[in-house]
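Listed next as structure tokens is one chain, alone, in the form predicted alone.
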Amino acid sequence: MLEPQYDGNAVEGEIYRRWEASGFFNPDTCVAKGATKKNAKPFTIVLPPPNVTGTLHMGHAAMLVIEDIMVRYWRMKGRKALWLPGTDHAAIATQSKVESLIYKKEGKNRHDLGREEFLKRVREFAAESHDTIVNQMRRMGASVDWSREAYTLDEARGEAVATAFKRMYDMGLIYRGARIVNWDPKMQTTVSDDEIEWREEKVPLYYLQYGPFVIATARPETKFGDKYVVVHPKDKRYAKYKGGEKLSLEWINGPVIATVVKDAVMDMDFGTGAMTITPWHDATDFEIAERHGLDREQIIDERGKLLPVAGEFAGMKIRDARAAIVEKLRQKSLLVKVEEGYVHRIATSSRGGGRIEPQIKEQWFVAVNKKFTLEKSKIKGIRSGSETTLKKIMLAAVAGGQIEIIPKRFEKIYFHWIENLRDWCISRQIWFGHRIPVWYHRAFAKVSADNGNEMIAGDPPAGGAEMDWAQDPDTLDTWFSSGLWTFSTLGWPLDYARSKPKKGSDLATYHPTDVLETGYDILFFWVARMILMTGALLGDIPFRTVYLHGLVRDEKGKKMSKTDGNVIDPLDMIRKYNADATRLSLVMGAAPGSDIKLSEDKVRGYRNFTTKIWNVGRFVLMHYTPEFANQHAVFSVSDKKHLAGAVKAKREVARFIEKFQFHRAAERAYHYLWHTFADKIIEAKKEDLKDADAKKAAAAYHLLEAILMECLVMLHPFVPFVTEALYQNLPAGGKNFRREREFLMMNPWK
């Protein structure tokens, strides 16, 4: 006898334990136990690995729900469905978190502890965070194959990272050079573009007299080394000045010889249309200097203080020095005017919180425009053995239709970003992460691959004293290891020989993966890099479809943050309402690529629906009698129409799922159960269930049981716990018994 009320917290843990113990999350077990045909087509998703920096938030929960819907559906459709889980070491984020905790508790930094002790503390923190995340995933009902769980910093991924670095270095795609990078003075490391938060700031805009020119700047503290003035070649205001012309003029700390540079990058409408450039501390200025072969001089050190070139201001923090510098410019009659309220964007580190100060530094880079030969290619538009570039590979994979981005509007954004892509800085000056697999001989003062003093991806040379060699102290950008995620988790490079995976291996069976589901906010930073790395190393695509979900915001549409106190914890919602209600709240109304508004009231509302499912199932099953088991059901014409309607609804749900319209699929199943099955069919059959004619009563029951089964199947991907709980209570035996498998999650979707 079913309980009168559905209590998710009382049954969800046990149901998940039984699912996991069955082994059916593993497609190999499904095949071995005959639940899936041996030659069935695979369906593969690799979980975007959550960072081991704490707990999952509602954005992660939305990701888990959408992916679980797909995997449960295709598993029931008979595919070899693999959902491969894992976590990301998230180097900068995790190190920053642990450093902050240690400093608050002990007043020490990583240098006080030393590299080994500090890394020990970080690993302990990451392990605790991992366990929390795994528990949350189980509570959400994620049917991942735990036997294949991976970690971006585990031994297998370490082997993959070292191999990838070595191969790409040998292909000429990885190089070491001096280029401008995002430098975080607070954490003392470079950071990637995706680890930057842009904030608007109102500041004064200073107009300064630079010889015959007036230039506008919001950062006078960077201008000490400026000796180039740039104008647009078509700007008539400066037509009398020739490119390369030298001018003697008075500047902040005395006279300088300035050179006129003409470049089309200049915005003639900004300020006066003329500007001086600081190639060492601005990306645009650096590129101008590169194009014209200009000198570059460092003005600000790595801790955000002015260098000796600033004269009397040397050693001052740049923001402290600004007012004093402006005053000196005023005294020298070089300050023309000040325009208040100028709005510009400043870059800050999203992890360390420091204000980004661009610097030119010797770093490791991936060259995106360098030509190389791709020996084996499965990418449309790129022939095997032909010359190409990483940028061309990234464009061709999507332009050729091999990778579909959903919603399609993001393809245009993707192409724009790739076309403007610069070389990728992959080195970080932190301790946590994959150490760069490069060794230098101590006898050489200058690093150079040409004179044999460096070794890539291996131990120090055989026969050489280990003490004569030192490994590069930097670590790799986290996105380097996560860029290998679709194939490093499937056995690469161990299951990869002669430019193709071994027959029967996970790599041969499950790659390319079918779907990469993630938030639209990391389309460029992760998705694009996965296409880059897979193209370079496998000559193939990493996935066939990219499904982008939106951000989860509060009920007013505001981004959730602890500071604003509007964060909704998925575990809190599960404890209060149940996992299925939480899942539904994240998919109903959530169109692809669109942000969704979430409130506790919304979750509470969907608890009412799980209660409705339970009540419908309980009503049907409470009318079962042993006599019905062997009673042949004779359906009337209207009964057959009702059953056909349920089958049609299930077919429509399937079509929506296969078109990645999960919100429409959930809504169709929701409305059918509540407004058609419960409100109309059950109400119409209540009297028949009480009829003295046993055949008529049996037919009514079997119709309701048959439609209930169709409802359980179509609802299971969305609300797996309550549907499984009801399925387990279906009566066994008899001609009309419809429970075909041990678990609803393995019941065929016909």
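Throughout, rigid core stands for the largest set of C-alpha atoms superposing within 1.5 Å between the two forms. Throughout, we count residues from 1 along the sequence that is shown. Not measured: the values here are computed from a predicted model.
Only in words, not in the display: the form predicted in complex with the RNA, which the text now covers.
Only one segment in the set 260-268, 98-106, 150-158, 128-136 has residues whose heavy atoms sit within 4.5 Å of the RNA in the predicted complex; it is 260-268. Proximity of residue 748 to the RNA in the predicted complex: non-hydrogen atoms within 4.5 Å are absent; the residue sits far from the partner. Among residues of the shown chain, residue 239 is not one whose heavy atoms approach the RNA to within 4.5 Å in the predicted complex.
With a 4.5 Å cutoff on heavy atoms, residue 642 does not count as touching the RNA in the predicted complex; it lies far away. Contact check for residue 365: no non-hydrogen atom falls within 4.5 Å of the RNA in the predicted complex. Taking 413, 119, 399, 567 one by one, only a single residue has any non-hydrogen atom within 4.5 Å of the RNA in the predicted complex, and it is 413. Site annotation in the predicted complex: the residue of 420, 248, 333, 625 reaching within 4.5 Å of the RNA with a heavy atom is 420. Contact with the RNA in the predicted complex, defined as a heavy atom within 4.5 Å, is made by none of 39, 43 and 66. Taking a 4.5 Å heavy atom cutoff to the RNA in the predicted complex, the contacting residues in 204-219 are 216, 217, 218. After superposition on the rigid core, the Cα of residue 615 moves by less than 2 Å between this form and the one not shown.
Relative to the superposed rigid core, the position of the CA of residue 588 differs between this form and the one not shown by less than 2 Å. A movement of the C-alpha atom of residue 554 falling short of 2 angstroms is seen between this form and the one not shown when the two forms are aligned on their rigid core.
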